[in-house]
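Starting off, we have a lone chain in the form predicted alone, written out as structure tokens.
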């Protein structure tokens, strides 16, 4: 805390503009992916140039394996990935938060959650996704989203439970118990508000992990299927022609990497600020 903040506590509570700078790239990327189909010049399944054609006036980033515009497919392919990753991050974070907060207050529930989480963590994500894809043929992106939720929740529960365990034995919890407060009040009104920074950081990590898991599934053709415009699917489809038109592979690869990095930076920038505001209250 700076000297100015000590002299004026209200200034310390005000968020600094530069704190939001790391958030801007993530917001722009998400907006670009969601609104991308609007400025797309061509349809995602209409050939406009030769297969793996070079960049030109008709196709700014050239053509893919069937001569379709790479830029148009890139603009169409981000919204589904972001929507799936956001669904996984929200569901996993919410489930882990509730389970973790209640588990530290009930020893039996805590031991049960711990054993299930320890067993589930041992299952490799790739193997789990492949098993679910085989058991649910035709599930597509929905099957991959469900697999990412099932595989990501146990690890997230352990993180929340580890952060909440010291709070369960704190003095304000004992005072609330002595005052006759119930388990729901202790979990949701006493413990949960003190985990805001952990939950926000966990949400960012789960989003990034979901982006990589869903992209990996798309690369293995376990989720979205051709001719759908998907960033990971574009990498797999256009790999054989990378020497003819590198943009058909490099552009979706850069988009996936920038999306994951920017969201992680945004979560890291916001989490410490939340912790500082909670400490000042």
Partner chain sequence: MNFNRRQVLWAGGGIGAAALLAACGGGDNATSSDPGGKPRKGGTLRIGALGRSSAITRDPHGNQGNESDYLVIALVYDTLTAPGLKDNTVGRLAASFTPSKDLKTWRFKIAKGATFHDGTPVTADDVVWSLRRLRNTPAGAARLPGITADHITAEGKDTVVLVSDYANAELPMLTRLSTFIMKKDTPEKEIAKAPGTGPFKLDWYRGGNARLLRNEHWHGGTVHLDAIEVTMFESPQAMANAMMSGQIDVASNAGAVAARTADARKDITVVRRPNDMAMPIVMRTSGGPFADPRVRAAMKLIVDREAMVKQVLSGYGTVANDILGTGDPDYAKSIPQCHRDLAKAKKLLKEAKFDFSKTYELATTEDIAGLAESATLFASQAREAGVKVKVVKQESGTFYQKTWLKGDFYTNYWGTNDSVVFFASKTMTTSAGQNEADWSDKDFDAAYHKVIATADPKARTAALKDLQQIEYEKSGYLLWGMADGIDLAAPKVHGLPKLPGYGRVQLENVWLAQ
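Since the structure is predicted, the reported quantities are computational estimates derived from the model, not experimental observations. Positions refer to the first chain, counted from 1.
A second form of this protein, the form predicted in complex with its partner chain, is not displayed here; the remarks below concern that form.
Site check 206, 209 and 257: each within 4.5 Å of its partner chain in the predicted complex by heavy atom | No: none of 206, 209 and 257 comes within 4.5 Å of its partner chain in the predicted complex.
Residue (of 226, 253, 39, 56) lying close to its partner chain in the predicted complex, criterion heavy atoms within 4.5 Å = Comparing distances to its partner chain in the predicted complex, the residue within 4.5 Å is 226.
Interface membership of residue 244, its partner chain in the predicted complex, 4.5 Å heavy atom rule | Taking the distances in the predicted complex, the answer for residue 244 is yes, it comes within 4.5 Å of its partner chain.
In the predicted complex, does residue 237 have a heavy atom within 4.5 Å of its partner chain?
-> Within the cut-off, so yes.
Taking heavy atoms only, is residue 66 within 4.5 angstroms of its partner chain in the predicted complex?
-> Flag for residue 66 set to yes.
Does at least one non-hydrogen atom of residue 51 fall within 4.5 angstroms of its partner chain in the predicted complex?
-> Yes, contact at 4.5 Å.
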